[in-house]
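Single chain ahead, written as structure tokens, the form predicted alone.
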């Protein structure tokens, strides 16, 4: 699902770090070595159909590499 993040991601929490991440070897192979973390947060997003809503987002992040594979976990309001 394509979407655009409007504004800042808030209420950011760390879900897992390095070896606790199931896909850490895949991330290192695709994006490079780093201290990978899996995070979640709340943001306002714009969906493909132009509707705007709040959603819980999950993504992977490493220092010097940035946010990767941002996905919508839940739509909080529609």
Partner chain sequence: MSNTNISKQFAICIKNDNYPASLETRKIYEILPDEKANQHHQIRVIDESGEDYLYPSSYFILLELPAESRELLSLCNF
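The shown structure was predicted, so the numbers you read here are calculated from the model rather than taken from an experiment. Positions refer to the first chain, counted from 1.
In what follows, reference is made to the form predicted in complex with its partner chain, a form of this protein that is not presented.
Heavy atoms of residue 1 reach within 4.5 Å of its partner chain in the predicted bound form, making it an interface residue. At least one heavy atom of residue 71 is located within 4.5 Å of its partner chain in the predicted bound form. Taking the partner from the other structure, its partner chain in the predicted bound form has a heavy atom within 4.5 Å of a heavy atom of residue 22.
The closest non-hydrogen atom of residue 42 lies beyond 4.5 Å of its partner chain in the predicted bound form. Scanning 10-49 for heavy atoms within 4.5 Å of its partner chain in the predicted bound form gives 22, 23, 26, 27, 30, 31, 38, 47, 48, 49 in sequence order.
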